[in-house]
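This document starts with one chain, in the form predicted on its own, laid out as structure tokens.
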């Protein structure tokens, strides 16, 4: 009998290094990688394309319930395909980014995403990154990490990438969101990666994963 898939949850605020480290860890362990933020962005892009007002929660909820999206694992990345298409570049535009917080605040959207994010285990072991993985999506996993750095450090990272973003405002909005706010799971390992390279941070996470899994009788 095959063992149940294990889930590595990586949470944290914007520019904390979640995506970079999640990819490095997924590659190192041969796990599927799930960017939950991209899932919300894909829905925001679809709403924009369909002319659904992001401020109309009922319309957004109805769209999410019926949109033609399905999960697929492509080259080790789990994505939502819309009518077989993944809008990789389109979901990174400033216009879509501006809609995401409003789309993500709709309770029915959170419920739909939670169901589909948990369903990602069909693709095997996962490295999943987001803002509520360890608190809402997979609170049962023992492999929880929360990456962080001071706001000014993260702001500098954004600016170095050429992205104009008010992280202080985004942090406040994420933490005060009434549904699934950004929070640190009580049993998460907190890693402040200010001054660290992605390789240093990912090695720390991999070391902790090996330690935790060695304590589990069923770990392979």
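From a predicted model like this one, the values you see are computed outputs, not experimental measurements. Residue numbers count along the first chain shown, from 1.
What follows is about the form predicted together with a small molecule, which we do not show.
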Query raised in the report: Is there a non-hydrogen atom of residue 193 within 4.5 angstroms of a non-hydrogen atom of the small molecule in the predicted bound form?
Result: no
Requested in this report: State yes or no: in the predicted bound form, is some non-hydrogen atom of residue 20 no more than 4.5 angstroms from a non-hydrogen atom of the small molecule?
Outcome: no
Query raised in the report: Can you check whether residue 104 is within 4.5 Å of the small molecule in the predicted bound form, heavy atom basis?
Result: yes
Report task. Report whether the minimum heavy atom distance between residue 177 and the small molecule in the predicted bound form is within 4.5 Å. Result -> yes
Requested in this report: Determine which one of 167 to 175, 66 to 74, 22 to 30, 45 to 53 lies within 4.5 Å of the small molecule in the predicted bound form, judging by heavy atom distances; exactly one does.
Outcome: 167 to 175
